[in-house]
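Next up is one chain by itself, shown in C-alpha cells, the form predicted alone.
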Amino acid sequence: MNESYFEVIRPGINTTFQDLGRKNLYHIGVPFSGAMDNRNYTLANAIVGNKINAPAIEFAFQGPLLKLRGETIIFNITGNITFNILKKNKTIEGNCYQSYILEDGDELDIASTNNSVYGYLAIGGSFDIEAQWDSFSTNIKAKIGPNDGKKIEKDQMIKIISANSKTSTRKLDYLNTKIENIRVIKGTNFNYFSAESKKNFFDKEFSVTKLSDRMGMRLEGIKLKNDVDTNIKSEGIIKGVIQVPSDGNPIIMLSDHGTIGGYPKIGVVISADYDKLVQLPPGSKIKFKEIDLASAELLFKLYQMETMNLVSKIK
C-alpha cells in the first residue's frame, strides 16, 4: 500500500482539525472546542460514510489548496463554499454536499466561503493524527489538539490512513439558510442592566465586528448600560454566553472560549441557533429574541432530529 497524503500548497485562513469537541475538562480550564458549525461538520462526515465524530478539516473564509499524493480517495465539502477540483486535463467546479473522487496528482482548491465563515472538508477514511483527551479538536490559542495544537501550515504533509475510495459517491440536497433573529434566554446578570438597556438588547440591531474568531464574537451597536457592576467575581461560562464589558458592547463566547469570565452576562444564545450564529460574517446584523428555557430545550431537540433526518436523506 502506498502512503497517501495531502501536500499543503496554501493553508488557507484558520485551517484546523476538528471533531465534536472534548468533554468534562472545564475544571482544568479546557473548553469543548470542536467544530463551530456542528450540523455542517456532521453532514460532511455522513456524506463520505465516516463515523459522525471522525476528524475533519475546518477552514474560515478561505480554505486550503491541497494536492493529493498516493491512493484514490473520496471527499466532500459542506457549507456555502466555492471550490474546484484541478485534474491534469480539466477543472471541475465542485458542489457542496456532494462527494467526489480525488486521484494521485489532483488538486483541491477551496477558494472561499460565500457570505458565511466556516466550511468543512471530510475524506472517506482517516487523517493520520493523534487525539488529545479523547478528541481531535484543535485549540490554537491553548496549543491543544492534533498538529501540535497549531493551524495547518504551508508545505505541511497531511497523512491519510485507511483511505476509502470504494464508497460510491453520494450527495444531499441541502441549502444553508439565514435566521432573522438569534434566540436567547436571559443571562444570570440580566437584571444588572438598566431598564432601557434591557429593552434595547431585544429591540435594537447589533453588528458583527472584525474582532471575532473561534473564541468569541464581538458586537457593536447601542451601548448597554450596567447599573450594578461592570466587573463581577469570575465564574464559569459556557458556549453562547453573551458578556457585556464596561464599554457596553456585547461579546458572545464561542467554541474556544475561556472557561471563566468576570463580565456580567446578559443572555445566552440557544444551542439550536448556534450554527447559524457562527456563520455570520463581519458586517452582519444581529437582533436578539427572548425565549424561555423550556422552549430552548424543545428547539434543540428539534434541531437534533432535523440533523439526523438530513443524514438519513443522503443518497
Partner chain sequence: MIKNISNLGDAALYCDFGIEVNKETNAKVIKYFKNIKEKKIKGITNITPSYNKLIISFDLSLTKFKELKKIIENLELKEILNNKGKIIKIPICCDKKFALDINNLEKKLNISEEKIYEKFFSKDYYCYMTGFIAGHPFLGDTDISLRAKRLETPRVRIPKGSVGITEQFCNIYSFESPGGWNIIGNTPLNIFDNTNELKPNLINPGDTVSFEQISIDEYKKYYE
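Residue numbers count along the first chain shown, from 1. These figures come from a predicted structure and were not determined experimentally.
Note that the form predicted together with the partner chain isn't included here; everything after this is about it.
Using a 4.5 Å cutoff between non-hydrogen atoms, Gly258 counts as a contact of the partner chain in the model of the complex. Interface residue remark: Gly236 is counted as part of the site for the partner chain in the model of the complex, having a heavy atom within 4.5 Å.
Using a 4.5 angstroms threshold between heavy atoms, Ala131 counts as touching the partner chain in the model of the complex. Residue contact check for Val228: none of its heavy atoms lie within 4.5 Å of the partner chain in the model of the complex. In terms of contact with the partner chain in the model of the complex, the residue from Lys143, Lys159, Lys204, Lys154 that brings a heavy atom within 4.5 Å is Lys143. For the residues Leu254, Ala60, Ile270, Leu280, the 4.5 Å heavy atom test against the partner chain in the model of the complex is passed only by Ile270. Site residues Ala35, Arg39 and Thr169 are none of them in contact with the partner chain in the model of the complex, judged by any heavy atom within 4.5 Å. Across the options 78-86, 94-102, 220-228, 238-246, residues that bring heavy atoms within 4.5 Å of the partner chain in the model of the complex belong to 238-246. Taking the partner chain as it sits in the model of the complex, the stretch 278-315 comes within 4.5 angstroms of it through a non-hydrogen atom at Leu293, Ala296, Glu297, Phe300, Gln304.
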